[in-house]
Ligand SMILES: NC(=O)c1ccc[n+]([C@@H]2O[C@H](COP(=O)([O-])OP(=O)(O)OC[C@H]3O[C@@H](n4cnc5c(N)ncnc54)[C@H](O)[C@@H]3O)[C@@H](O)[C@H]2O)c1
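Next comes just one chain, in structure tokens: the form predicted on its own.
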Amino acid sequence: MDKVKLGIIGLGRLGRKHAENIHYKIQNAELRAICSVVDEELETVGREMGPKYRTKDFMEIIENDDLDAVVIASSSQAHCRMLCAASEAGRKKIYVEKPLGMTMDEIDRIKAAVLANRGMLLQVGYNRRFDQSVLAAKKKLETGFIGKPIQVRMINRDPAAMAEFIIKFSPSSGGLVMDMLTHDYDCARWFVGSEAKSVYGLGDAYVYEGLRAVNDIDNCNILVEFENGVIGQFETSRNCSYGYHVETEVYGSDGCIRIGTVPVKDRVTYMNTDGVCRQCVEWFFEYWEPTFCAEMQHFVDCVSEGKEPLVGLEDGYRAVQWACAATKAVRERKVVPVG
């Protein structure tokens, strides 16, 4: 079977991980071309993985007829420009990291451009849907295990050890809600099978004054009313002292399902005179690592088999639409309708 020839734009944190997975782990794919504006990234990945093409100009990837598909893993604020350019150039198969865009104007432009490029296959990088525990929970929910869903609760906490990086990254991330909580919302709406109707939130820069200086926050709680009546609770923090903590609970009339109640690093338990201790996962790469390979494998299979991706244009659009409303709700401390 011929391998799917991929070009990747962006070789930063996640872009480098995608490049490694394509090159080393996905048997029916080939890392054919790489693009980065950072010379060191081009040199390092080029030397290690040996792609045929290397460039600093993303249009050279988009217009390269030797490629079967393109992976966009650039910074979030470049997604709109690159996706619209790819659509206008007639590129049919694109994977793009989340978020799809940064504003309502951007995602409206992206949606129009993608729909105008008939037959375009677009996958958006909401990797949690590819986690084995999340998939098992989704399957169990579909059997009616919890009865009528009443409430979905998400906890998402980044480690305090990443404070310096988070403050530096904030101005280009879209802020706490856009950067972190669209993962939670995408998973929640997938679980409960409904869109958000309204959103209310509270949040502030409780710990990092550096975030306040760039009009961002480090902690917030968001309450969502879904159109089907389900209640959504989303709690997030950027100053978790004990590591990376992600947790999900879906509660219903007949029971509940929980994922990651204790985000343990491994199966080791330490016991001495100080008590009983379990180590916590330190960073999201460690916790979600298998999902990055799984979502890219899914994209490659969709390209080669002509299937629709599990996470597509509408999912990416809805997540940003919700994030824009949720950000406004937190800043203005009022209930905001979604859509």
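Computed from a predicted structure; not experimentally measured. So that there is no doubt, residue numbering starts at 1 and follows the sequence shown.
A second form of this protein, the form predicted together with the named molecule, is not displayed here; the remarks below concern that form.
Undergrad: For the spot marked by Val152, Gly201 and Gly232, is every residue within 4.5 Å of the named molecule in the predicted complex through some heavy atom?
TA: Zero of three within 4.5 Å in the predicted complex.
Undergrad: Just one of Ser170, Ser194, Ser76, Ser87 has a heavy atom within 4.5 Å of the named molecule in the predicted complex. Which one?
TA: The residue from Ser170, Ser194, Ser76, Ser87 that makes the contact is Ser76.
Undergrad: Pick from Ala19, Ala326, Ala319, Ile9: which residue has any heavy atom within 4.5 angstroms of the named molecule in the predicted complex?
TA: Among Ala19, Ala326, Ala319, Ile9, a heavy atom within 4.5 Å of the named molecule in the predicted complex occurs only for Ile9.
Undergrad: Among 22 to 30, 35 to 43, 270 to 278, 306 to 314, which stretch has residues with heavy atoms no more than 4.5 Å from the named molecule in the predicted complex?
TA: Careful reading of the contacts points to 35 to 43.
Undergrad: Would Lys98 count as touching the named molecule in the predicted complex under a 4.5 Å heavy atom rule?
TA: Result yes; Lys98 sits at the interface with the named molecule in the predicted complex.
Undergrad: In the predicted complex, does Gly125 come within 4.5 Å of the named molecule, counting heavy atoms only?
TA: Yes - in the predicted complex, heavy atoms of Gly125 and the named molecule come within 4.5 Å of each other.
Undergrad: Under a 4.5 Å heavy atom criterion, is Val134 part of the interface with the named molecule in the predicted complex?
TA: Close contact is absent here: in the predicted complex, Val134 is far from the named molecule, nothing within 4.5 Å, heavy atoms only.
Undergrad: With heavy atoms only and a cut-off of 4.5 Å, decide whether Tyr53 touches the named molecule in the predicted complex.
TA: The answer is no: Tyr53 has no heavy atom within 4.5 Å of the named molecule.
Undergrad: Which residues in 276 to 298 have a heavy atom within 4.5 Å of the named molecule in the predicted complex?
TA: Stretch hits, in order: Phe284, Phe292.
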